[in-house]
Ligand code: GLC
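Starting off, we have a lone chain in the form predicted on its own, written out as structure tokens.
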């Protein structure tokens, strides 16, 4: 049980570089790659969305029938390898469900109403794919609500099949997204109505896919230790805190790593000069390039506060930019600092960023996302602002630490687990933290960072050095997941 190597199937709605809407896609591919490097037999299954060119893929021979509900849906499967590895990635092709421009909806505001059917097909197809490959995994590792039906099927329709010894692990990347839909979709799943309650689907007379996954999975994880504790409280539990407390013995928080090949200031192809903790000189050139690129006054003596952000409520955009009460407009009026912001999302906030860019020569924002610009912001900033209301793990604060841009963060989730608060007596720490997610607390903490910049220059140098020596490797996280898999297999065996 849990012998080396393990056979692991990752079932996900996203995996980079093929499909990504947020950090989920990064985490799935990076974890799979790290597990593969440890010698495990890891494979990934995602849908083939319209944006994934099947001409670049190899088709598996013959169609694949997927029995679901009263239907048998005939699908195709394509395959390639994760870049720079021999790790197989499989793509479920079913035009009626996945031949669309978006992953979850046409845009962030409009989700597809048949999402329960789309992702039920993905979950059911995971078993058919394994049969087609004559490969039965030890672990089926699923991610967030889109693949949460896999643990349900393992516990019900597949419990006496060739998958009887396969254990399930569900990772919650963001509890704020649960897959809540009308219960009219339930018959499509092909489950007895007794499972509507028995497998945990019922949620205020609607269907909650993540709740069913949490109820049914052998083991649960989330993406930082602090977030694992937070989601068991009413303030962060989004209505599922009671269930998560009930399953707390099976829930662990494992901090995500970062891709240290892509995010490395010593080799980054997107930045104008390379630098490291040992040779930090190149950072000043990156700051100059950032100021020029954004149209900010070029002045090395003024601190630059950077940010690359999805403009959503979770990220604290109201506290930052709310007209008439946000912290940042007040900072622009009262402090000698510059801002370089890259972001897109809520229309009101995009409009506010444009307004601030016109009002203040020391505030500049770019609407949209640009990979090269994102790397330049991380490399050229002195501080990096990340005041999320909640943050399961967060990646940008880890990128920032690696690039010597000291984070200004709300003490929550993965931010609390990765940033060490500044001690102004000793100069120790790697960033600046606040506990109360309000505009006033953010304003004061930005003020604290700016004060340290002008009055404790030697502390900033010490903090930057310590930040750049931080390590967030996926290898450590992968080792913790292997331990979790062994635990899940033991739990699964004990139930049988």
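The model shown is predicted, which means the values in this text are computed figures rather than measured ones. Residue numbers count along the first chain shown, from 1.
Although not depicted, the form predicted together with this ligand is the subject of the following passage.
The unique member of 442, 27, 45, 42 whose heavy atoms fall within 4.5 Å of this ligand in the predicted complex: Filtering the options by heavy-atom distance leaves 27.
Which pick from 77, 139, 393, 214 sits with a heavy atom within 4.5 Å of this ligand in the predicted complex? Of 77, 139, 393, 214, the residue with a heavy atom within 4.5 Å of this ligand in the predicted complex is 393.
Close approach of residue 357 to this ligand in the predicted complex, 4.5 Å, heavy atom: Looking in the predicted complex, residue contacts with this ligand do not include residue 357, since no heavy atom lies within 4.5 Å.
With heavy atoms only and a cut-off of 4.5 Å, decide whether residue 173 touches this ligand in the predicted complex. Flag for residue 173 set to yes.
Can you work out whether residue 412 and this ligand are in contact in the predicted complex, taking contact to mean some heavy atom pair no more than 4.5 Å apart? Judged by the heavy-atom cut-off of 4.5 Å, residue 412 is well away from this ligand in the predicted complex.
Check whether residue 328 has any heavy atom within 4.5 Å of a heavy atom of this ligand in the predicted complex, and answer yes or no. No - in the predicted complex, heavy atoms of residue 328 and this ligand never come within 4.5 Å of each other.
Looking at 129-137, 77-85, 173-181, 245-253, which lies within 4.5 angstroms of this ligand in the predicted complex, counting heavy atoms? In short, 173-181.
Contacts with this ligand in the predicted complex - residues in 218-239 whose heavy atoms fall within 4.5 Å: Sequence-ordered list has one entry, 223.
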